[in-house]
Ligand code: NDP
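Quick setup: one chain, the form predicted alone, written in structure tokens, and binding and motion questions come after.
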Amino acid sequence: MKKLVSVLGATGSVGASTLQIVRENPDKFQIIGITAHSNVALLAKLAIEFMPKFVVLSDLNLVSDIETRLAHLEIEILIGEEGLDFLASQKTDILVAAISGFAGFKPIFKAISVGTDIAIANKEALVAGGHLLMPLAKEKDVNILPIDSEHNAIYQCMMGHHWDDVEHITLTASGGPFLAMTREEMHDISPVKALKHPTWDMGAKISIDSATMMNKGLESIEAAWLFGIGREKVSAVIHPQSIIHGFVTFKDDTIISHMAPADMKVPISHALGWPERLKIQTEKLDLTQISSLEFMEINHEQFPCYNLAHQLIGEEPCYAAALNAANEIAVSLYLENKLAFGDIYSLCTKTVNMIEIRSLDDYQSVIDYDSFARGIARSIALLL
């Protein structure tokens, strides 16, 4: 029987890799729903190819365009945030959460609530709301399968092992495009240069997060929620070759690592096929052609965003929620050339220092707090 799959963010890089895996395994999957923000042409093309039951377009200004393109098909077109929530509330076998940013929190919450397994590439949802999502997943007997390459690497390293035996886990980072630069040299770097990631082909937001190393800090918070571990058991190192994606050190000082080509199809295929493995088309690792594997510590002076995020593991959920909100505002302003690269950290740390502690004990409180923190971040941005 085919697995029923919904893909949030079908026109992005993770969505594209997901759908390519479905193409390569047509006997194993059926696409039920796909979403996009504004890429109407590609969304329509994918709808015609996969014939999902639902198509969701977030941009309300493009409704007539998508309706015209799909008028001849028996596909239900849903619009905006309400459409996204509706699709997420439809029970399927697995939902691929590839929407960038906090916008993924609501549909992920909805999907878990109806018992759908989640293949999660949206770290921001766990950063801001992991304290709600992970207990809810346990209550609903839902599998949260990570498809960030680093978290999927840890997940695979832990298969057949017990967390009681783990000393710590280590996520790897490529180092981004500015590894050889000082913090001062990076301060006024242009978005064009920051978007040129040396290893991965990613969206704009995550590319900037990789350049600031905020991405690895947010991934550390995500790892703590995914695996139920504390700050002292989560670390990260720079590994420019991006061949080892994560490793686990056990209490007997042995290390198990996960090696794979830098291709998102690898972790996505693992999550889609789980508990089985799929046959996919990807670059093969030839270990005889690898001359060296380098590892180095993250310089906290050079990349202060990483340490800022890492230090929030285990603290009140408000802090991580505020950091995530501030970072999204900062990255957006930077991409619009309204904030210097070096001021991304300044905006984030000032926001975290200015927040008030609130009890984020339900779905709406997390959403409200995100809006509250964004307001603080925008006010601070006017002063930078």
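Just so you know, these numbers come straight off a predicted model, no measurement behind them. When you see a residue number, it is the position in the sequence shown, counting from 1.
The discussion below concerns the form predicted together with the ligand, not included here.
In the model of the complex, the ligand sits within 4.5 Å of a heavy atom of Met264.
Although the partner is absent here, Val352 sits far enough away that none of its heavy atoms falls within 4.5 Å of the ligand in the model of the complex.
Although the partner is absent from this view, Ile75 stays clear of the ligand in the model of the complex, with no non-hydrogen atom inside 4.5 angstroms. Although the partner is absent here, Ala36 sits close enough that one of its heavy atoms falls within 4.5 Å of the ligand in the model of the complex. This chain lacks the partner; the member of Ser100, Thr116, Ser257, Gln302 within 4.5 angstroms of the ligand in the model of the complex by a non-hydrogen atom is Ser100.
The contact residue chosen from Ala309, Ala194, Ala271, Leu84 relative to the ligand in the model of the complex is Leu84, the criterion being a non-hydrogen atom within 4.5 angstroms. Note that among 243 to 251, 272 to 280, 227 to 235, 118 to 126, the stretch whose heavy atoms approach the ligand to within 4.5 Å in the model of the complex is 118 to 126.
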